[in-house]
Each structure stands twice: as structure tokens, then as C-alpha cells.
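Next up: a single chain in C-alpha cells, the form predicted alone.
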């Protein structure tokens, strides 16, 4: 199983939207996919049609429990969810950075799924360290704006310092520019600058701005299940294809 962390310290960049729609396309492409929501806001479940908080989520299970018991099947092909423990007090976990790794090993979950995508919180605490302990790659959604670029540059500086201490095999998969408007010259310049900073082969094709993405999330469905022909659906399909190619999962 390959584990990808959707990560960015800045909120409102399309991180959860990217996690949901990338996972849905990977599932449609035949990859058994697991989504884990490690952000205690718990927004990811709403994009998959779950409206009520779950009795138990990943955060409570980190300290003591079997993660196989909190997996929920979704209405979407090859896609399962482990929800967040909404409003969980992270301080209860102490400073143990390998709780999730132990839960993964105990459950042998890597034998069940092809890909796991973890929606991480915009923090640098025990939760993100635990996600790092099981991660193989980081995927960084970035809103296509000047402050978004600055935020990614700041995030990657911290990332390259912090990640090797927790997991020496952890790598950057790439950055995904979101909310892109090809008619805006500024957006094109930002992407060119991003390619210079992180290298061209680590910048995915941008996700174009599409109001249907937020509408689909509100409906509790990945965009492909609402409108398979819109910009958002096509762009996330292309992202999924690129991820599969990069990870040699064909």
C-alpha cells in the first residue's frame, strides 16, 4: 500500500477537495483506496455523503483500538473512509509520534488497500508526526495566488527539515495548483515560479477553478459522480492518471 499525505499549513487551498476527488478517481481506475481524515475538523466525511458525526474516529483509535473496526464503506467505487474524531483534544495523545504506525502494523491494513490518502491538519503537532510515520509521499495542494506560493515555499522548508527525522523514506510527490484561471496572466506566472522552486516534474497540471467542485462537496459526492464532463472532474481525472504514472501503479 502506498500512503500519500495531502498536506499544507495554509487552510482554504483545496486540500480536502483534492483528497476526496483524487481518491474517487483512483477508486474508479481500479485502485482499492482508503481515505483517512486526520484533521479534527472532520470535513472530509461531508464530501462523501456522511452527514452525522461518527461515534468513533481515527484520533481515539490511535491510542488504543483496531483501525479495521472504524473503516466505513462509501457509495463510491473502491473507496473506504476512516473518519476523524471531531473536536478531539490532541493533547490526550501525548508526544508519541508512532501510534498510527503501530495501528497500521497491527491491522496489516497495507495488505487490504492499494493506496491510502490521509487528509492532514494544517498544524505541526503529534497528529502530523503520526501521519508522517506511515507516509510514503506528500501531495501539496496550493491555491494559485501569490500568498499561496509563499505559503508552499515556507511549508516545504519546514517539510524538508521535519520529515526525515520521522521517516527517512518520505518524499515529495508534488504540488497541485488549485483554483487556477488560465485567463489570468498572474496565475501562469505563479505556476512558472513554482516550477523553478520545486522543479518542473514535481508540479502537477493545475486544477481549474470550477464552482461545481464546491457544489458537489455540498451534495456529499466527488465531482465525477455529479458531472463527469466538467472542468473539475477532468482535471482530477488527469491528476489521478499522473499519480498512477508517477508511482508506477499501472
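Numbering follows the first chain given and starts at 1. Given the structure is predicted, the values throughout are model-derived calculations rather than measurements.
What comes next is about the form predicted together with a small molecule, which is not displayed.
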With a 4.5 Å heavy atom cut-off to the small molecule in the model of the complex, the contacting stretch among 51-59, 38-46, 196-204, 181-189 is 38-46
Considering non-hydrogen atoms and a 4.5 Å limit, does the small molecule approach residue 233 in the model of the complex?
no
Report whether the minimum heavy atom distance between residue 240 and the small molecule in the model of the complex is within 4.5 Å.
no
Mark residue 66 yes when one of its heavy atoms lies within 4.5 Å of a heavy atom of the small molecule in the model of the complex, and no otherwise.
no
Does the small molecule get within 4.5 angstroms of any non-hydrogen atom of residue 209 in the model of the complex?
yes
